[in-house]
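Take a look at this single chain, the form predicted on its own, given in structure tokens.
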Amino acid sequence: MINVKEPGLMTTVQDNGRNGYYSFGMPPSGAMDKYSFIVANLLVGNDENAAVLEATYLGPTLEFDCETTIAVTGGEIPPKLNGEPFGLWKPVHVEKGDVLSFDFVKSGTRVYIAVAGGIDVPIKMGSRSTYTLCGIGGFEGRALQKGDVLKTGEASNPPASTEITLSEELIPKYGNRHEIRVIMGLCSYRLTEESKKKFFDIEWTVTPDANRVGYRFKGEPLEFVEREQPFGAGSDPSNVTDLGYPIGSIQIPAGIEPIALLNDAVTGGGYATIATIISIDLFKMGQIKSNDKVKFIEVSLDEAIEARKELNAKLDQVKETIKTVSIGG
């Protein structure tokens, strides 16, 4: 059991997501930064899809009522055990009565707290992830609150050795300026050629409207190609006849402030989506915070697939490191 002494700003149970229901209007939810989420699970011996805690900006204070192993990954929100700092990206042994807390955020946005055995909450539509807008999944369909008591499952494998140290290239660094790769489409034809160029030239600023649903950016207005209003579409030039929104798609209502739709966003609507963030950079989006600067970079589908292979290769290195240390290699 884990007793929630303080919930933090926004701490929810998340796993790999509620996949397979998008066509019914159900977004996947799930961990925003999948790389940090998977590594946290691997470090404590969990299945890659085990449920963890995702904490945003301000971490929770948790008291453990049994001996276990934990790992904290993600943004630099320094963790402490019984008031003593310890390193992220490492398994840490905790005793009954130990208290995990966090210092103020230094970089990044979210940390992932994995516990051996995973967070044991009911599976809803194939996932333990919290979707707060509909109140399903996770712990009672909501963010954690003071006084909540979390159950943990049975560990499927032994945790990695607490002596393990991941190499620097396997640990992401988060600054205040970011390059996010996108593939143009589905409705990029709606932007003028000048505005397409401007979209990539501008260094956009992330507004305070940045959460699991989406991130809004401030920059300069963009213009759409003049057209006759299609049947079924709204009158604004940014409107199209309703279509599905890819996860990571970027729309620009009224051409003013682009919005990137993320894990908890609606699955469709009537705004032109002019580009889509590649899946690997969705993980980066999970560590971007308000007032950070973002520059969008256009890539091809082949380049996006290659980027995914590179990230998968990093995860393979993490697994190999854990295996090597575990057998004393």
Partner chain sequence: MSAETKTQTRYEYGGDEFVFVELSESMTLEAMFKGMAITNKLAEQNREGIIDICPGNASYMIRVDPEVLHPNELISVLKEIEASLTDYEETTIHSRLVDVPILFEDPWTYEALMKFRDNHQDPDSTDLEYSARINDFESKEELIQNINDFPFLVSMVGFVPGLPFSFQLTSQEKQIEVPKYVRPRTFTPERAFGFGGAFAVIYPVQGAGGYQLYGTAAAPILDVEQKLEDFKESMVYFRQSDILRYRSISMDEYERIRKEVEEGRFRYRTREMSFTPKDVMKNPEEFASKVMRRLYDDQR
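Residue numbers count along the first chain shown, from 1. None of these values were measured; they are calculated from a predicted model.
What comes next is about the form predicted in complex with the partner chain, which is not displayed.
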Report whether all of M26, Y189 and L301 sit within 4.5 Å of the partner chain in the predicted bound form, measuring from non-hydrogen atoms. yes
Flag G147 as yes or no: does it have a non-hydrogen atom within 4.5 angstroms of any non-hydrogen atom of the partner chain in the predicted bound form? no
I'd like to check something about L262: if you look in the predicted bound form, is any of its heavy atoms closer than or equal to 4.5 Å to a heavy atom of the partner chain? no
Looking in the predicted bound form, any heavy atom of Y112 within 4.5 Å of the partner chain? no
Closest heavy atom of L9 to the partner chain in the predicted bound form, within 4.5 Å or not? no
Identify which of G234, G126, P78, G153 has a heavy atom within 4.5 Å of the partner chain in the predicted bound form; exactly one of them does. G234
Looking at N49, N291, T61, T267, which is the one with a non-hydrogen atom within 4.5 Å of the partner chain in the predicted bound form? T267
Looking at 195-203, 103-111, 220-228, 164-172, which one sits within 4.5 Å of the partner chain in the predicted bound form if you count heavy atoms only? 220-228
Across 299-314, the residues having a non-hydrogen atom within 4.5 Å of the partner chain in the predicted bound form turn out to be L301, D302, A304, I305, R308, K309, N312
